[in-house]
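Next up: the same protein chain in two forms, each one alone, written as structure tokens (structure 1, then structure 2).
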Structure 1
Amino acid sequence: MTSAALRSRAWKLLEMVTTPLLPSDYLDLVSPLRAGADLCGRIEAVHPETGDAATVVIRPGRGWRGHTAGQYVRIGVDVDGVRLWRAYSITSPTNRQDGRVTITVKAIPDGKVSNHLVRRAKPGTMVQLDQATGDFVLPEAKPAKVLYLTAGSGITPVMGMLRDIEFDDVVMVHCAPQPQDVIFRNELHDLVADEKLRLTEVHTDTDGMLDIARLDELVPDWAERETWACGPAGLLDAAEELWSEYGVQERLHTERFRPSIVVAGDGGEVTFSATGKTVDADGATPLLDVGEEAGVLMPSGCRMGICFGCVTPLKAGAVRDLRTGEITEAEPGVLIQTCVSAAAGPCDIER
């Protein structure tokens, strides 16, 4: 008998012994990071960065395929017994010797996952992972001049880039309320001391919000620089407008952590037919939030329309895409992204 046939027979025997569970269920308990298991990671450390931000060090399981600087990873975390998925930019360099990856999370008021990771996550905790993804990355050919324009936790994907690749001429403009809120401040200042970075910190509590027109004074050659920008919608919208006005929009790369909601309309009664729940929803709240609030198990990922982790059949009625205002009506096979869709009248979501 070949060794493959022997293995298959041994596995069948194990299946008989472990029924009703599968042998792999037991293996998940003793060796969750093994090859072939659902991709998981083990939190190995949590390092505070600022009063409300922390870096979480994760050892991914065998199936992890690595990442490109600037990409993000979807993480499934159990908070009060419920598995919640969120996206976090990877802040470790791609060549980290110990194979671990880091994410850096800023706790936001009432944020379920961010507060859990920053304030309560303990080493040894298992999290579920997806492969790294995202196109907010550096090009293969090194640009001559680079500008990083960031605010708050928007510094995270850029830190992944700064740690990964050195450029000859890099300028960074970063906004945070006060100096002590600047995540990675010591490391940034070390790079400045080594002349690897020119940095302007804008402290919005004292300087006010960054008026994008100030770039002329802060970085006079900004329009010549390949630029990566990440921060709140106001900053990114203003940057996109400015770069377009100067006809250099192809030099601007942006990453948003939240969708730009532009259109809302009338809501309606939402039925989650598989769960048997019906609730009233306004026309501005994403159906993902409506479902979660009602206690319906809703799949999700980035919560901003880019990962398709929330896609769900629309059984009846109509929904509005909050980014464009476009209405989608139910017909067989129609799928919607619940994180960027709101009720547009009565509707039935297959959850």
Structure 2
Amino acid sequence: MTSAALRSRAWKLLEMVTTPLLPSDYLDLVSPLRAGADLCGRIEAVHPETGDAATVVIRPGRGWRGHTAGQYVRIGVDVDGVRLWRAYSITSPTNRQDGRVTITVKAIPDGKVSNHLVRRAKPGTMVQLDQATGDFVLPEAKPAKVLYLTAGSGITPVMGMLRDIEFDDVVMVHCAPQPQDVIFRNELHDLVADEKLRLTEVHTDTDGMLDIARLDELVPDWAERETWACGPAGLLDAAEELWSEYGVQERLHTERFRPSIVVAGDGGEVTFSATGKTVDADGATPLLDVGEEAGVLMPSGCRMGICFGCVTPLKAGAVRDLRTGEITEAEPGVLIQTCVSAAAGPCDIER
């Protein structure tokens, strides 16, 4: 009998013993990071960065295909018995020798996953992973001059870039409320000391919000630089307007963590027909958040309208797109993105 036939017979015997489960179910318990298992990772360390931010070190399973600097990864985390998915930028370099990856998370008010990862996650905790994705990345050909324009946690994808590739002429303008709120501040200042980075910090508690027109003063040659910008919608909107005004919009690359919010209507009663739950919702809260708050199991991904991981049938009523204000009414086959849609009157979501 061949070795392949022996393995096949042995596997069938194992299936008989483990019924109704499969042998792979037990292997997942013993070796969850093995090749062939659902992609997951093990948290190996959590390093505080600021009072409300921490870097999480993750050992990914063997199915992990790596990443490109600037990309993000969707992570499934079990919080109080419910698996929730969020997207975080990868902050480790692509060539990290130990094969680990890091995400750097800023805890936001009422953020279930961010607060859990920053304040409660422990080494040994298993998380689910998707493959890295995103097009907020560096080009293959090195630009002669680079500008990074960031604010708050918008620095995280850019830090992955800084750690991955050195450029001859790099400038960063970064906004944070106070010096102690600047994530990676010590590392950034080490780069400055080594003359690998020119850094301007804008401390908004004392300096006020960055007026994009100040770039003429802070970075006189900003229009000549290939620019990567990441931060709040207001900053990115202003940057896109300025770059367009000067006719250099092709040199500006942006990453938005949250959708731009517009006036969203009056809200209404939301029915989650599959679970029988009905809740009142305002016109500005994404239906994804409404459902999660009500205890409904909601699929999700990037939470900013890019990956379509939250797409759900709209059975009745109407919703408003929080980015554009566009109304979508229910009809057969209509799907909506719950992360960027709010109730525009009573509606029924098939969850």
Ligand SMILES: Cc1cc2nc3c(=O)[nH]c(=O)nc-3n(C[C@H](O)[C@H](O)[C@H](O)COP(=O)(O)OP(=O)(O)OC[C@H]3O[C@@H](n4cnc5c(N)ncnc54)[C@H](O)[C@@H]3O)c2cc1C
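Numbers follow structure 1, counted from its first residue as 1. Think of the rigid core as the biggest set of C-alphas that the two forms share within 1.5 Å after superposition. Everything quoted here is computed from the prediction, not taken from an experiment.
* To do: Only one of the two shown forms is the form predicted in complex with this ligand, so please name it by number.
  => Only structure 1 matches the form predicted in complex with this ligand.
* Asked: Using the core for the fit, does the CA position of Gly325 change by 2 Å or more between the two structures?
  -> Where the cores coincide, Gly325 still shows a C-alpha shift between the two structures that is 2 Å or more.
* Can we say the CA of Ala281 moves by at least 2 Å between the two structures when the core is superposed? -> Passes the 2 Å threshold, so yes.
* Compare the position of the CA of Lys315 between the two structures after a rigid core fit and state whether the shift reaches 2 Å. => Result for Lys315: yes, a 2 Å-plus shift.
* Asked: By how many angstrom is the Cα of Gly345 displaced between the two structures when the rigid core is overlaid?
  -> Gly345 C-alpha displacement between the two structures, core-aligned: 4.8 Å.
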